[in-house]
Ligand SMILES: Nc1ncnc2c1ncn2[C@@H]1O[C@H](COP(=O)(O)OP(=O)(O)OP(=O)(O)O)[C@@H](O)[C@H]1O
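Shown here is one chain on its own, the form predicted alone, set out as structure tokens.
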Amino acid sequence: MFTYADLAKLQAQSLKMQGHIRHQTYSPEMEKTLRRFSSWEVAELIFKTNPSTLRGRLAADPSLPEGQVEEEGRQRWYSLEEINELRRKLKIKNRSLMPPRPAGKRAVRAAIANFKGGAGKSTVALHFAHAAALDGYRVLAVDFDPQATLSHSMGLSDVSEEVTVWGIMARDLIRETERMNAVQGGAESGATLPQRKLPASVTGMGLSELRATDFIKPTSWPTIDLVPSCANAAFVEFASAQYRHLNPEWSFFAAVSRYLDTIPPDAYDLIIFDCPPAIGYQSMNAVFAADVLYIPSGPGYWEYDSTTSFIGQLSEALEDLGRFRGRLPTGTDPVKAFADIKFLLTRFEPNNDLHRAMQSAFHQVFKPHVAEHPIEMTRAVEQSGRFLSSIYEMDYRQMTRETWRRARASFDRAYDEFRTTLVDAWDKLEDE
């Protein structure tokens, strides 16, 4: 017979292996570091210009970053900070190298969601965040998944549950309860209404005093920050049910949205949510806060079936939020509307007849909502997953350049379409 104690022993053994994997994968200091990028990558893949053109501009202006030349090599290698300095200072053929960013708008938010496990949510969120950073955007990623795959891939492993989405929700419960009590206490009728009371087990955790920035952690990418997750955050579903009982008027689904509204609108350009494989309190917070809903799906029938169930259940869940109308702060509408919804096929094999047939089925049913460019399954993508890295973090010299380029091209095409979707969504946001 096996009990919780046996499970705890198994976890302890696994944590030792996690440490070994990190030691093999990260720097000797057990920290994930971001590699440099070759002048060829900077020119052709990031700035999308001829390498000789970039070399000429760099030679003509000695004030520009020079990068580093490795021993026994001729290629120059640039940090992301240096790449962004080049982006700000250079124009090529009168073309700005800065990415599109509407003035007067807050960061646009995208939720990567599907309750089918293995659909590629964390892989998509990681690659889109890294692609956006290379594109010149400042990115905040929010890990809603207690499996914490995105957090681990970003190099964060020792995370306290207080600074996860659970902490944000518990903090919001305290503050919203205080707001409701203040509103009732100041009722025009002068009548004294019953005050909602929260137990010391909630109010005594010190979460109410945390600042918005306390939940945000830096990553190895200088322009990507993360609200992390951890295994202990799994109890958020149980805790949230208890919190709703303590204050049934609490609009639990808007907690993260309210939190993000307190972040300065110009602090980030993109906010990307990695959702758990379930419809629950965390995933509902993600989709309610999102401007765009991206739904990854594998190319098989069971994935199609699961995705169909997901959007049906999500529709019902969002409809149920209408009962909170009138209980939300002024300006908050419980009827959720997305600027766009996209379905993205993942692990796609172009030469697989079944995959092509399912791609056709997705297009026939969901029509303009299907991303044109699926993410292909390649050996380089599989290898990146084993090393908790994106294809953008992997040095192309670790494999044949063509293998690496094929994998990167697949994500580049998917990201370009993602960016177009977000830029269109930006136009629909109200000015700050």
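All residue numbers are counted from 1 along the displayed sequence. Remember, it's a predicted structure, so these values are computed and weren't measured experimentally.
Heads up, the form predicted together with this ligand isn't pictured, but that's what we're talking about next.
Q) Is there any non-hydrogen atom of Gln147 lying within 4.5 Å of this ligand in the predicted bound form? A) Taking the distances in the predicted bound form, the answer for Gln147 is yes, it comes within 4.5 Å of this ligand.
Q) Using 4.5 Å between non-hydrogen atoms, is Gly117 touching this ligand in the predicted bound form? A) Looking in the predicted bound form, residue contacts with this ligand include Gly117, since a heavy atom lies within 4.5 Å.
Q) Quick one: does Met377 come within 4.5 Å of this ligand in the predicted bound form, counting heavy atoms only? A) Result yes; Met377 sits at the interface with this ligand in the predicted bound form.
Q) Do Thr123 and this ligand share at least one heavy atom pair within 4.5 Å in the predicted bound form? A) Flag for Thr123 set to yes.
Q. Just one of Gly155, Pro277, Gly136, Pro299 has a heavy atom within 4.5 angstroms of this ligand in the predicted bound form, so which one?
A. Selected residue: Pro277.
Q) Exactly one of Lys342, Arg109, Arg76, Arg347 has a non-hydrogen atom within 4.5 Å of this ligand in the predicted bound form; which residue is it? A) Looking at the other structure, the residue within range turns out to be Arg347.
(Q) Can you tell me which of 166 to 174, 311 to 319, 109 to 117, 201 to 209 lies within 4.5 Å of this ligand in the predicted bound form, counting heavy atoms only? (A) Result for this chain: 109 to 117.
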